[in-house]
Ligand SMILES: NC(=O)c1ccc[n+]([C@@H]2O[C@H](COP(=O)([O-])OP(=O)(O)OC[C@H]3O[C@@H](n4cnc5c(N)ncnc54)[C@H](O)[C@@H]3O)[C@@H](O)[C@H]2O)c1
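Coming up is one lone chain in structure tokens, specifically the form predicted on its own.
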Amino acid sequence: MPNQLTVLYENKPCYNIIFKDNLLEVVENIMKIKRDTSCKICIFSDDLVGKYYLNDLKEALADKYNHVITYLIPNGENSKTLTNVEKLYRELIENHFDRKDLLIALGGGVVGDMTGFGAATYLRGIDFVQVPTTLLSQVDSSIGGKTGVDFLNYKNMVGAFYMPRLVYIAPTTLLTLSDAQFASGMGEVIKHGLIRDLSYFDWMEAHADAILAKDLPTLESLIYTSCDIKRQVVQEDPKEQGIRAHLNFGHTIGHAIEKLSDFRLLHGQCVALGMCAAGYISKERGLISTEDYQRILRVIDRFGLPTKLTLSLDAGAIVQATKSDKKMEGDHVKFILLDGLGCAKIYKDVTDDEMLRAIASLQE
């Protein structure tokens, strides 16, 4: 597996995705983009990830830079608020951070999204680096420059497109990940195969035992391939004017379930349920076969993700919640369906009745 991918923006190299086994080697890569040792660095993390990696990373950076601080939030989606971003601003102001300084996102998707949003808006833009430590953040949220916070329980409703200077991925961090969090990341991995690369979907199905055992060489191949798929999509459409919307497969109904569950379900679990629902609509429209639909359910279940909604949520409320999603275009939801396994398309004519029937299939 190569140890680097380069993401282009407007056909020019924008940032690298680096793959290394040793998380602390990120310091060497940071020194290539921040050579001045007077550069101030803030490591943004959460109280769960911090227990594993924060002190070691801070010490390694402090050997090279004069001023390194940390900022911690409680682990979980409920911390992804403007209030916590405001507290970050205060920390940066009180430590006299300027535009030459650097933020580091050390953690999962919540940490990465918030750090990126803070970087995009503090002094109208400060550099940041992504060091994702969960499978979901490594294969999805750390790549592509989407940043943001939740607002009034509406997921990622406030945000900005803002590119990191570097994404540094150490697959060894997944060895400390809980089974539930690992499965959550697999929701995005499965999505990548379903929307763009059937051979990848075939491969993950064939290598399910090794993936679930967290065999490191297998994980490295998995992460690299998913990163490459997302890299290709965001390079073609960095601000989601077209094909990047394919990455929202499973997210329309998934985000609605996530909101109404008050984030009791993990993001990848909600995406899995959303993919089951979108697969059902695809089947009902004759875009995929019943056998393909059953295969989607089988693979989602194989990786420890739900195919049935066990929470007592009202189907009509789920449909209504899709109307407040950021993927709305006028009065229409941009719904992603499958036109065969490995091929996604945008549809703007998915009806409420179709969504209700799909949700009913989750509740049977």
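These figures come from a predicted structure and were not determined experimentally. When you see a residue number, it is the position in the sequence shown, counting from 1.
The same protein also has a form predicted in complex with the named molecule, omitted here; what follows describes it.
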item: Contact segment among 282-290, 201-209, 131-139, 84-92, judged by heavy atoms lying within 4.5 Å of the named molecule in the predicted bound form; value: 131-139
item: Site check Gly108, Lys155 and Gln181: each within 4.5 Å of the named molecule in the predicted bound form by heavy atom; value: yes
item: Non-hydrogen atom contact Leu48 with the named molecule in the predicted bound form at 4.5 angstroms; value: yes
item: Phe303, heavy atom within 4.5 angstroms of the named molecule in the predicted bound form; value: no
item: Residue contact check: Asp113 to the named molecule in the predicted bound form, 4.5 Å heavy atom; value: yes
item: Touches the named molecule in the predicted bound form: Glu77 (any heavy atom, 4.5 Å); value: yes
item: Single option in Leu177, Cys227, Ile126, Leu219 placed near the named molecule in the predicted bound form, where near means a heavy atom within 4.5 Å; value: Leu177
item: Heavy atom within 4.5 Å of the named molecule in the predicted bound form - the one residue of Arg196, Arg165, Lys146, Lys259 that qualifies; value: Lys146
item: Residues in 344-363 close to the named molecule in the predicted bound form, defined by a heavy atom within 4.5 Å, in order; value: none
